[in-house]
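What follows is a single chain, given as structure tokens, in the form predicted on its own.
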Amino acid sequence: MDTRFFVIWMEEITAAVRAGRDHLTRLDAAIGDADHGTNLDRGFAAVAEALAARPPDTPGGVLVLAGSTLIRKVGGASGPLYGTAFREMGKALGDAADVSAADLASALEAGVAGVRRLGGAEEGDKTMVDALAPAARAMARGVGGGGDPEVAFAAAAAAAEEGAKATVPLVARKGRASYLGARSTGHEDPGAASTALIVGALRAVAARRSPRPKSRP
């Protein structure tokens, strides 16, 4: 996967967040500040502008620029958390001009570790980690032993979606939602939901760019 692949991934995320903005905001209205969708929409629009203005030369550069932009442009906890995830992923990829699916799986694990360090959240705390950590595990399993990258990305997206839905019955233990205590149950965590959109965007890009078998005459 080259630099262009990662630029297209950021573009796909931008479109997915824009389409899901109101839904994310409704989720956040139930247990947060009602601004998650709006904030992420603004942040990824800024990422698209930054990439257009200063196109990086490497996949890692794309992710570091995206992360730095999110930290600057997105308020609250979302900017630092998502920004850290992408920056850690970019640093893990280094200066390579082309990366493998296994490289990206390792980078995603580095992103999860960065989010955990910054926010102190673990799975079960009703945060973005509940979607991001299962996605990283699924991707790592999928590419282990040279598995099909497209299948691995699809498994990661499915794991993220399942992880997000699994936050509904949880009691929030981190973030603003934790102030609600037991009243936070019955609502999907908006950070987990947006994480599922981000991993789903990766699946979509991989599916479009994978070579298709030629039809028989």
Partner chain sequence: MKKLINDVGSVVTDALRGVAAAHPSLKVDVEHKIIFRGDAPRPGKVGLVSGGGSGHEPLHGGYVGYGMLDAACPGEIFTSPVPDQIVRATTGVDGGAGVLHIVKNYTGDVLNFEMAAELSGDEGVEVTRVLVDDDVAVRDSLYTAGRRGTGAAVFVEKIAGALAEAGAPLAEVARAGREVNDRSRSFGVALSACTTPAAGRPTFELGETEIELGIGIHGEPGRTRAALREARELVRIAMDAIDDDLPLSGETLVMVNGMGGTPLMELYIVFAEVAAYLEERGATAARRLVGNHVTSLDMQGFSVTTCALTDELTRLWDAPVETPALRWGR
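As the structure is a prediction and not an experimental result, all values here were calculated from the model. Residue numbers count along the first chain shown, from 1.
FYI, the form predicted in complex with the partner chain isn't displayed, but the following is about it.
Problem - Listed residue (V74, A136, V143, V129) with a non-hydrogen atom within 4.5 angstroms of the partner chain in the model of the complex - result: Looking at the other structure, the residue within range turns out to be V74.
Exercise for the section: Taking 4.5 Å between heavy atoms as the contact cutoff, choose which of V168, V151, A30, A45 touches the partner chain in the model of the complex. Expected result: Answer to the contact question: A30.
Problem - the partner chain contact at L81 in the model of the complex, heavy atom, 4.5 Å - result: Output for L81 is yes: heavy atoms within 4.5 Å of the partner chain.
Exercise for the section: State yes or no: in the model of the complex, is some non-hydrogen atom of G186 no more than 4.5 angstroms from a non-hydrogen atom of the partner chain? Expected result: No, no contact at 4.5 Å.
Practice task
Would you check, heavy atoms only and a 4.5 Å threshold, whether D41 touches the partner chain in the model of the complex?
Solution key: Although the partner chain is absent here, D41 would stay clear of it in the model of the complex, with no heavy atoms inside 4.5 Å.
Exercise for the section: Answer for G163 alone: is it within 4.5 Å of the partner chain in the model of the complex, judged on heavy atom distances? Expected result: Residue-level check for G163: no, no contact with the partner chain.
Problem - Triplet D35, A172 and G175 all within 4.5 Å of the partner chain in the model of the complex via a heavy atom - result: The answer is yes: all three residues contact the partner (heavy atom, 4.5 Å cut-off).
Exercise for the section: Please determine, with the chain shown alone, which of 58 to 66, 178 to 186, 45 to 53, 155 to 163 has non-hydrogen atoms within 4.5 Å of the partner chain in the model of the complex. Expected result: Flagged stretch: 178 to 186.
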